[in-house]
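Okay, so here's just one chain, in C-alpha cells, the form predicted alone.
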C-alpha cells in the first residue's frame, strides 16, 4: 500500500493513476490519522503550484510532522516537484523574504537565472543523469541519461552534495533528483514522463513493498 498526500493543490489523479498502472495499491490521505490507519508502506508527496500553499496546507493538517517523522524513520518516501522543494529549508519563491520549507534537509530553493535563450519556466523534456548507480530508484534506467518531463521555475540547491541523486542541464547544471536512505524526490514529473516515469514509480513501489508494517 502506498499513501498519496492530498494537500488540495497537487496533481493527485495523474500520480495515483501512474502508481496504479505499475500495480501499486493506493490510498489518498488528508490527515495524520488517515495516514496512520492506512497501513501504508510508502508515502508520496506530489505537488504543483505555489510552495507557500503546499507547506501551509501540510502544517495546517499536521501532515508536515507526519512527513518529517516518516522520513526520519527511513520509511519509503517520494516527493515530486513541489514535494521535493518542500523538503528544504527555504525557497526564494513568494513575496519578500521567500517561503520557509519543512527544513528536513538543509538547502535552498532558488529561481532559475538563465540567459535569454532559456525560457522560464523550464518546461518540457530534458535529460537526467543519475549520479548514484547503486540507487534502487534508478533500477532499469540508463545511468548516463534518461529523458523526463519538467515544469518549474525554481530548483533545489542541497547544502550536502551527497544528497544529489540526479542532475540536469538547463543553461547550467541543477539538481533533478535527491536520495538518502529510502527517501527520494524528483524535480521532474514521473507521471508525465511515459515509460521512464512509470519505471520510477515501479521502482518506488518495489522499495515500499519490501518494508513490513507494524
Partner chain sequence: MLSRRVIPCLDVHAGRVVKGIKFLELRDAGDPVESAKAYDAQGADELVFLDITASSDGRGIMHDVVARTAEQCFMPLTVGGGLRTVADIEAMLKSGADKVSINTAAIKDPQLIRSASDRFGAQCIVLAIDAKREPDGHSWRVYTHGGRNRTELDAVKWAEEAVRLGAGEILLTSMDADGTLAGFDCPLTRAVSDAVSVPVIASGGAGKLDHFAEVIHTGHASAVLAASLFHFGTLTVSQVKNHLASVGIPVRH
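Residue numbers count along the first chain shown, from 1. Please read all numbers here as calculations on a predicted model, not as lab measurements.
Although it is not shown, the form predicted in complex with its partner chain is what the next lines describe.
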Practice task
Report the residue, out of 50, 56, 157, 28, that has at least one non-hydrogen atom within 4.5 angstroms of its partner chain in the predicted complex.
Solution key: 50
Practice task
With heavy atoms only and a cut-off of 4.5 Å, decide whether residue 122 touches its partner chain in the predicted complex.
Solution key: yes
Exercise for the section: Mark residue 206 yes when one of its heavy atoms lies within 4.5 Å of a heavy atom of its partner chain in the predicted complex, and no otherwise. Expected result: no
Handout entry: its partner chain contact in the predicted complex: residue 200, any heavy atom under 4.5 Å
Key = no
Exercise for the section: State yes or no: in the predicted complex, is some non-hydrogen atom of residue 127 no more than 4.5 angstroms from a non-hydrogen atom of its partner chain? Expected result: yes
Handout entry: Interface stretch in the predicted complex with its partner chain - options 159-167, 37-45, 61-69, 184-192, non-hydrogen atom within 4.5 Å
Key = 184-192
Exercise for the section: For the heavy atom contacts within 4.5 Å of its partner chain in the predicted complex, list the residues of 144-166 involved, in sequence order. Expected result: 147, 149, 151
